[in-house]
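Below you will find one chain, with nothing else, as structure tokens; this is the form predicted on its own, and questions on how it binds or moves follow later.
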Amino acid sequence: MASTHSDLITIYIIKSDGSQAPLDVPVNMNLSLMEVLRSDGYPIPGTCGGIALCATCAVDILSGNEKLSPAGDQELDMLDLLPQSTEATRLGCQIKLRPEMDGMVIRIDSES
């Protein structure tokens, strides 16, 4: 169930084994999805440090994609390089978490 506190939202993560895990995240710190996932121990390399140059933070947005800002040209260029990229794929480093993203569902395929 989604959080009710306005500074805290819950996103749901579908892991590579198909299990789902909720993750409560603050939205008042201007954090990216990549930063939140990495701080919680998910294996998101984020090799470029979050400037959309490596695509190692790619995730699939299964629910809530309509709440995201459209991908920019640099993000789209990186997504084009990913062979497994779909319309649901976004770079976690380019997604700044906001209150309206409460309940968003993402899939992490690179989990090991």
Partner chain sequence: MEERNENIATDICIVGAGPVGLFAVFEAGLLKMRCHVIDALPQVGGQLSEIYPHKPIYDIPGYPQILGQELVDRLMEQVDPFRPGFTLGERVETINRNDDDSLTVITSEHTTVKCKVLVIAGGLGCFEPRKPAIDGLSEFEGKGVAYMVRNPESLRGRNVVLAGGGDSALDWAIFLADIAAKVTLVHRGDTFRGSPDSAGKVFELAKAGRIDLRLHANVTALHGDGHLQELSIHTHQLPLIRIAADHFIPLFGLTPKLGPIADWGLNISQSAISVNVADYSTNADRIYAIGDINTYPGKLKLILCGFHEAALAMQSAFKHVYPDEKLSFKYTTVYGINAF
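Numbering follows the first chain given and starts at 1. As the structure is a computational prediction, the values presented were derived from the model and not from experiment.
Not pictured, yet referred to below: the form predicted together with its partner chain.
Residue-level contacts in the predicted complex: of 55, 68, 27, 36, one residue has a heavy atom within 4.5 Å of its partner chain, and it is 55.
Its partner chain in the predicted complex comes within 4.5 Å of a heavy atom belonging to residue 77. Not displayed here, its partner chain is kept clear of residue 32 by more than 4.5 Å at the level of heavy atoms in the predicted complex. In the predicted complex, its partner chain lies within 4.5 Å of some heavy atom of residue 47. In the predicted complex, its partner chain sits within 4.5 Å of a heavy atom belonging to residue 51. Of all the residues from 62-96, those having a non-hydrogen atom no more than 4.5 Å from its partner chain in the predicted complex are 73, 76, 77, 78, 79, 80, 81, 82, 83, 84, 85.
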